[in-house]
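Just the one chain here, the form predicted on its own, laid out as structure tokens.
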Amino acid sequence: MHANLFDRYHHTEGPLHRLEARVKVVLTVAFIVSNALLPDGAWTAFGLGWLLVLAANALSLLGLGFTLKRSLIALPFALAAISSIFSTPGNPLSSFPFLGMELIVTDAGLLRFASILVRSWLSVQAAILLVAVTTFPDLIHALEHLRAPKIITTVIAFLYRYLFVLSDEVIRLLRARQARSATLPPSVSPHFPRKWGERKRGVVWRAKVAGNMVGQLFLRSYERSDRIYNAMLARGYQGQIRTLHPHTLTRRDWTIGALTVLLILSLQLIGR
């Protein structure tokens, strides 16, 4: 099983790894909600929030730039809010024609768009750090202890688990196709292509091959998921993922959680 395709957990012995999963989930959600509630242009609070993320990176022993490098990929998705530059009332800065209309850039619109980018960037960093220092079974247990709906946690757990099964089946199909794609040595004849795959094939032929592979993937995944489920029932599965972690809150967890919540609340006071 190629578990490293989707698993983003990093095995280290940092203080943040040893923190109880429920505390990490609550603090991450509180930090994201706090960013969303901050007013536009609260740059001091945003900067202190980033310092809080950097401190969490240091406690995780993953490096100060761990979440910074990985969060940049999410910034293009925040461009969906670019319409706020033109739709937010404010003092006009410039204008330009677009599809027969005149779009006016306002100062309030630029401020709101920049604030949305910063909020998204900080929130993504917090989420990345959460999954990097917490195993997925512990995350599911944390959601269950926090009284998340049982059906949601079960669906998430099975979806995550079968992503590995599906990716493994895809790798098997691709490996089987490569093993059956013979090549001709160049000494056979200069008139033959070096690889059979280099022959010109039409779009219909390629679509047929892709359709056959998708169909095979569906059948193999369905049959394998049925076997996995029967194996889980045979091993005593009762709708709950079990781990060796005791999942108990210590005094250290309560102290760190309370101090971090106070820091997050202070960001709200500074941002106002």
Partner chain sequence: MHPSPLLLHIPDGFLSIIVAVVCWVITASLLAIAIRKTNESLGEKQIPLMGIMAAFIFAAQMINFPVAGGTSGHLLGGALAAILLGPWAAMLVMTAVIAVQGLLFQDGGLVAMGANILNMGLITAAIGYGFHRAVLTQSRRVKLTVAGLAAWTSVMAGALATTLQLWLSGTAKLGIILPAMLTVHALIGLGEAFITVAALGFIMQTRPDLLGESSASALGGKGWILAGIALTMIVILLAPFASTNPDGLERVATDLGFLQSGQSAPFEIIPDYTVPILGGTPLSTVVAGVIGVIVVGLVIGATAIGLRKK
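Treat the numbers as computed from the prediction; the structure is a model and nothing was measured. Rigid core here is just the name for the largest C-alpha set that superposes within 1.5 Å across the two forms. Positions refer to the first chain, counted from 1.
The form predicted in complex with its partner chain exists for this protein as well; it is not shown, and the discussion that follows is about that form.
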property	result
Residue (of I156, L93, A114, A176) lying close to its partner chain in the model of the complex, criterion heavy atoms within 4.5 Å	I156
Partner proximity in the model of the complex: R206 to its partner chain, non-hydrogen atom cutoff 4.5 Å	yes
Its partner chain contact at P149 in the model of the complex, heavy atom, 4.5 Å	yes
Contact label in the model of the complex: I32 to its partner chain, heavy atom within 4.5 Å	yes
Heavy atom of S120 within 4.5 Å of its partner chain in the model of the complex	yes
Members of 210 to 236 lying within 4.5 angstroms of its partner chain, judged by heavy atom, in the model of the complex	A210, G211, N212, M213, V214, G215, Q216, L217, F218, L219, S221, Y222, E223, S225, D226, I228, Y229, M232, L233
Flag for W50, CA shift 2 Å or larger between the shown form and the other one after aligning core	no
Shift of G215 between the shown form and the other one at or above 2 Å (CA, core fit)	yes
Per-residue C-alpha change between the shown form and the other one, R224, threshold 2 Å, rigid core fit	yes
